[in-house]
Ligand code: NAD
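Just the one chain here, laid out as structure tokens, in the form predicted on its own.
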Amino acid sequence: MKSFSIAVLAGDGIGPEITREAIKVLELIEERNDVKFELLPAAFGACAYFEFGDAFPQSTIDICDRADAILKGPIGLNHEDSKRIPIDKQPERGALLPLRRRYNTYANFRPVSLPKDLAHFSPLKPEVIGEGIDLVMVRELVGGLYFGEKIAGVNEAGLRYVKESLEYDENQIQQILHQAFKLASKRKKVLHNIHKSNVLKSSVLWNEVLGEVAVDYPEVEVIHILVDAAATLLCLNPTQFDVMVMENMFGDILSDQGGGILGSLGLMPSACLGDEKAYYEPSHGSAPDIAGKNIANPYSMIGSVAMMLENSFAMEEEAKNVWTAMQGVFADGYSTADLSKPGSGVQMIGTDEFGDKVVEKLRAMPVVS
């Protein structure tokens, strides 16, 4: 029997609720396969700060170091509650960025997928969605503006100012581009390179390095597009995209827009991969306004489990089954509150019921041999 350890960082807000549903799926996968998951819960985010005085405490670091993979829920508080935590210790700065830096999870994969028969979830017109949306955003995750030097103070004129540096070297750019080209090679052999080289010199270097890396992938067609144009075309013609690659901040913004064209960030799981370790998380925030109400959509958390099965545990067929089970719940006419309004013709179900129905669908599927 294979055995894997998983650090489970439930996080803040709706994190514990959607994590419970993901664990239901993991438990069933254990039943269906010759595999054992050792789940290692650990505090992470605002909850960790209030308990330990640190959003990424040493006890959690030790568990993550030991684990084969990390399953991470959303973190953060609302604007007012965030003020209870010093700026540099707030969850995003004090936990999320250090997590990425520690494990060098430089490659962030965010699938944006909506089958044709679920087009009613999207705010886009059916004719825009066509046969369905199926693209992957590949985001560089440990460089750029988010990780550059940050200075705040008062200048010689007595004015408050801030200076934040955007920095990349060619090795950082090469490693994410290789990941994107490899993925494009397995899919439609088209790679959209998202940049802003008409303004940013970081994008000029990015494009230079891309030209060098592209030589190794002659079968892949590269299409260059400015980030602002890409944002527009994601709304007007999203089906033209298959694999999109971009630097850190562009990926942060455009992947949220990806959730928007699907109808909800609740449909946006992600994989954050490094050469030695990976973590998996929903692309959305902790939604503290709906925490504890049993209305959060756990799709993104369960989808992150599916990505973990594929990328960290080589269980590709079972990962496909999880995706099929989740989409099957929607196809049966059920929906969580983020995707549909009362009177829209679907039956509203809560967080726990969605998880139960996914488990029911998965249980009915043939066991992977």
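When you see a residue number, it is the position in the sequence shown, counting from 1. Computed from a prediction, not measured in an experiment: that's the story for all the values here.
Keep in mind that the form predicted in complex with this ligand is missing from the display, and what follows is about it.
Contact between residue 14 and this ligand in the predicted bound form at 4.5 Å, heavy atoms?
Residue-level check for residue 14: yes, a contact with this ligand.
Would you classify residue 68 as touching this ligand in the predicted bound form, given a 4.5 Å non-hydrogen atom cut-off?
Contact with this ligand, no.
At 4.5 Å between heavy atoms, is residue 258 in contact with this ligand in the predicted bound form?
It does not: once this ligand is placed as it appears in the predicted bound form, residue 258 has no heavy atom within 4.5 Å of it.
Can you check whether residue 76 is within 4.5 Å of this ligand in the predicted bound form, heavy atom basis?
Yes, residue 76 lies within 4.5 Å of this ligand in the predicted bound form.
Thinking of 144, 164 and 202 as the candidate spot, does this ligand come within 4.5 Å of a heavy atom on all of them in the predicted bound form?
No, none of the three is in contact.
Among 111 to 119, 212 to 220, 278 to 286, 183 to 191, which stretch sits within 4.5 Å of this ligand in the predicted bound form, heavy atoms only?
Result for this chain: 278 to 286.
Exactly one of 175, 264, 207, 104 has a non-hydrogen atom within 4.5 Å of this ligand in the predicted bound form; which residue is it?
Contact with this ligand in the predicted bound form is made by 264 alone.
Position in contact with this ligand when the complex is considered in the predicted bound form, options 96, 243, 133, 271, heavy atoms within 4.5 Å
Exactly one listed residue reaches within 4.5 Å, namely 96.
Looking at this ligand in the predicted bound form, which residues in 299 to 315 have at least one heavy atom within 4.5 Å of it?
The one in contact is 300.
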